[in-house]
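Next up: a single chain in structure tokens, the form predicted alone.
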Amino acid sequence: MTASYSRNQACRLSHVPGWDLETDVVVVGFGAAGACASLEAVQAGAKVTLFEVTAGSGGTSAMSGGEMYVGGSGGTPIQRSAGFHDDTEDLYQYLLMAGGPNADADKVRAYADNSLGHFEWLQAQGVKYKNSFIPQRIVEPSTDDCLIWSGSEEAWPFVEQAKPCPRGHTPQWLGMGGGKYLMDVLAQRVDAAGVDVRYNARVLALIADDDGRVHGVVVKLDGRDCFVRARRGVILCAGGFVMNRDMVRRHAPHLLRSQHPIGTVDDGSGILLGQSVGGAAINMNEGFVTLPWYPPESLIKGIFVNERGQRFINEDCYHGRVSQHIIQQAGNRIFLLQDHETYAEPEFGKFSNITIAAAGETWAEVEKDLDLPQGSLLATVELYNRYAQEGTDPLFHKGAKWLKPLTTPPFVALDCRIDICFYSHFTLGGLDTLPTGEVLNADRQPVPGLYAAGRTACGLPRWGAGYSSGMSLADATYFGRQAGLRAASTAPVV
């Protein structure tokens, strides 16, 4: 009878009939985290075998814009050329706030102190960045330009704790979608480094002894179950769990309000494999949600209201933070109010399905057309305009540069309904790890022989309301490197 293996239950070492393949380090997943883990491990002298379940490299990393959130140590050359000085402590404080209530201060400290060096490492791998800066607020460049404001750096409450600085570094790639370019460069480096890459290889289970130490994996190769020994360790870089709708329903059901998951094979397999040997999964209720409602940046001068006609956020923060607050509102009806001077058609309007819900010569007409409670919208706009005229926003602390009374007709309400527009999402929970990538159990003790990075681990980005574009790739590449280095330096099990 053929044995059946499960990612939910480890295969006992005593049940291994013999090793089909032996290596020092096994890496599971060929996205940004897996690529960087493999590179550092093999460059440290370890023999590395990388298993990828699909027919090619890239993973969800290749679907991204390629932005990398970097800075500190005075700033990258591109930041400095644009006139910015990025102090390490400002980067640290911003990332700590961005991480939310359960931020990992040790990981934030490690990344802030080494972010500039990490950027230089990426360049040494062959990733090119143009020395240019786009000062306008955008989602990602449609040109080959580099530096952008990719988060809430200038917005309350972050601006109160950290000096603002743009940190989104997009690789020199003409058009959107620079993540594919980034992954192509890293994949070429992995190939040149001599990593043994096996595609169409599904890891079925971890192999562990009675003491809980991980010794390797069971993997489906060429239609048969193979036993692979990892003398130094296994690194899980298999993505998050956004494509596993049962896991999303169990851990983060609010994300189901957003109907568009972002992922490839993000089925939670890496997290489940880690849990099968005692690894603890944390922050599983957290995720990132966004509706790309700007550019143009003039739209930021408008105000969002819910179906009660009430504001709920300072609109000058990152589009993902706005969307995170949108998804928390009761009901699906959300509107972005603009007057004649601030309105412009959203550049992603057709993609996002943002349309005009109502228009009128007075806000009373707009309120009536939207079928909002009588007087609710009028009261909200009147209060906002009164304070905006004075350059303040006592309710939500919107920055003065974005404050403008909405008084010039005609007036419009953009329809940003949750059940109609393109709200996309991915998960932020994962295995608890040390900055070295070692997977921790419920007592926060390392599981011997097991490491994780990327969205399989819970890293720097762990709070949707604090997320900034570029944090996932920064986290995956930097902490993927640390996992590779630690695994390669571990004494082999003989």
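In this text, all values refer to a predicted model and were calculated from it rather than measured experimentally. We number the residues from 1 along the sequence you see.
Not on display, but discussed next: the form predicted together with a small molecule.
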If we take heavy atoms and a 4.5 Å cut-off, which stretch out of 357 to 365, 324 to 332, 266 to 274, 385 to 393 is in contact with the small molecule in the model of the complex?
266 to 274
Any of the heavy atoms of Thr49 lying within 4.5 Å of the small molecule in the model of the complex?
no
I'd like to know if Ile235 sits close to the small molecule in the model of the complex, meaning any non-hydrogen atom pair within 4.5 angstroms.
no
Contact between Leu434 and the small molecule in the model of the complex at 4.5 Å, heavy atoms?
no
Within 4.5 Å, heavy atoms only: does Val42 come near the small molecule in the model of the complex?
no
If we test each of Ile134, Ile420, Ile262, Leu403 for a heavy atom within 4.5 Å of the small molecule in the model of the complex, the one that passes is Ile262
Looking at Arg202, Arg213, Lys130, Lys163 here, can you tell me which has any non-hydrogen atom within 4.5 angstroms of the small molecule in the model of the complex?
Arg202
